[in-house]
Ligand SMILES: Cc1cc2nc3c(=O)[nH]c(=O)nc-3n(C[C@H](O)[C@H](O)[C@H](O)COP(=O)(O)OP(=O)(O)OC[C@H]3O[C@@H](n4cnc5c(N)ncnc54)[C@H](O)[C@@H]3O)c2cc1C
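Below sits a lone chain in structure tokens, taken as the form predicted on its own.
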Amino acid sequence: MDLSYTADEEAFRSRVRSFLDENCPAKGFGEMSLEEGRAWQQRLFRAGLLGAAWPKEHGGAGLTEMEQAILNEEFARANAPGVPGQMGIWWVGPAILKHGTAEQKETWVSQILSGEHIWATGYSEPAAGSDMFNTQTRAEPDGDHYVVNGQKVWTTLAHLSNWFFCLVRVPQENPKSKYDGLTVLLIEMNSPGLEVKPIRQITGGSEFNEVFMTDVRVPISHRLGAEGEGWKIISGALVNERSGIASGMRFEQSLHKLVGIAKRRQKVQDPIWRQRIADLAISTAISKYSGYRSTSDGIAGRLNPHLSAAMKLHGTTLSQNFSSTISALLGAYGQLYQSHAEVPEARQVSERLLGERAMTIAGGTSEIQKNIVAERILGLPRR
């Protein structure tokens, strides 16, 4: 693998870095209001830095996959906040571009980048989390509509969204497999019969929600792909969630922060702490170069869901290891949920420690990722 960049790619990196130096908000994503977040998304959109690899006719910048990877890396380097429409940009937009009709692309894609449409993704249910084959939300055909009934849970940003990328099951007369009937519908969040209830989290925030649907009517023209193609569409979207070049940069930043705290706490000569830090440094390198491999696959047009499962398992576990290690290094200060003169980062560390408890569940549990790795990478038999 050639890890060098061309002159044009380095010029693009410089342009992105200069833009972020001049425009990056001081507030993080969770600290901004919806209006501030949308204003930040609009600045990025006007600069051609959202959906950079999307076609120009749909509002993208028409850049290369490598330039998109560089963009992600520079966002991580600058600690740039996310945008309210990130779910649509990461998953919904690419899915519509790949599986949607010309009319669907015209209707939805450019509005995703501009922030006019904010999307939530409805996969998990009370009895169907990582096991999406157990999806119970039903969509009954009724003329030129589906009538949808069911419940979704752990739906990120549903309280801010105006559209819903929702996995449902259309009843089949003679289903032959667990895939049969799984279908993706694009549902307007203000549809009659659709209710959003925020879930209070351990951090005190309410990023996740329950979504209840009672006789919600959805035009058949809002179906993405054919009936029964839901699993193919969703699994392709999850590859985007579980991999990426920017994760290595974020872990390198965490490692730098950890080493700085260890120096302040005079632990760098302690053999136990040196070993813990070395283990995290090795895992960070694994994440970084796996990200490069994933990016190389994307550039070459190779879909590699098995690598993405391994990266997701490794990355979310590593995130939790970093947060627990930094908290332990701070000692009693690491248990504070507020800033302290001696340790100004105490609240940030505690928020990360609590927030990242969800990471080995979100996007597919670690147990599911281990099964994928065992069966599809290692070739181990099912029992």
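Numbers follow the displayed sequence, beginning with 1. It should be emphasised that the depicted structure is a prediction, and the values quoted were computed from it without experimental measurement.
There is another form of this protein, the form predicted together with this ligand, and it is not shown here; the text below is about that form.
For the chain shown alone, residue 358 is a contact residue for this ligand in the predicted complex, at least one non-hydrogen atom being within 4.5 angstroms.
Within 4.5 Å of any heavy atom of this ligand in the predicted complex lies no heavy atom of residue 141. Contact check for residue 146: no non-hydrogen atom falls within 4.5 Å of this ligand in the predicted complex. Contact check for residue 21: no non-hydrogen atom falls within 4.5 Å of this ligand in the predicted complex. Remark: of stretches 212-220, 260-268, 146-154, 133-141, the one touching this ligand in the predicted complex is 146-154 (heavy atom within 4.5 Å). Looking at this ligand in the predicted complex, residues 129, 208 and 368 each place a heavy atom within 4.5 Å of it. Between this ligand and the residues 283, 124, 111, 296, the one pair within 4.5 Å by heavy atoms in the predicted complex involves 124.
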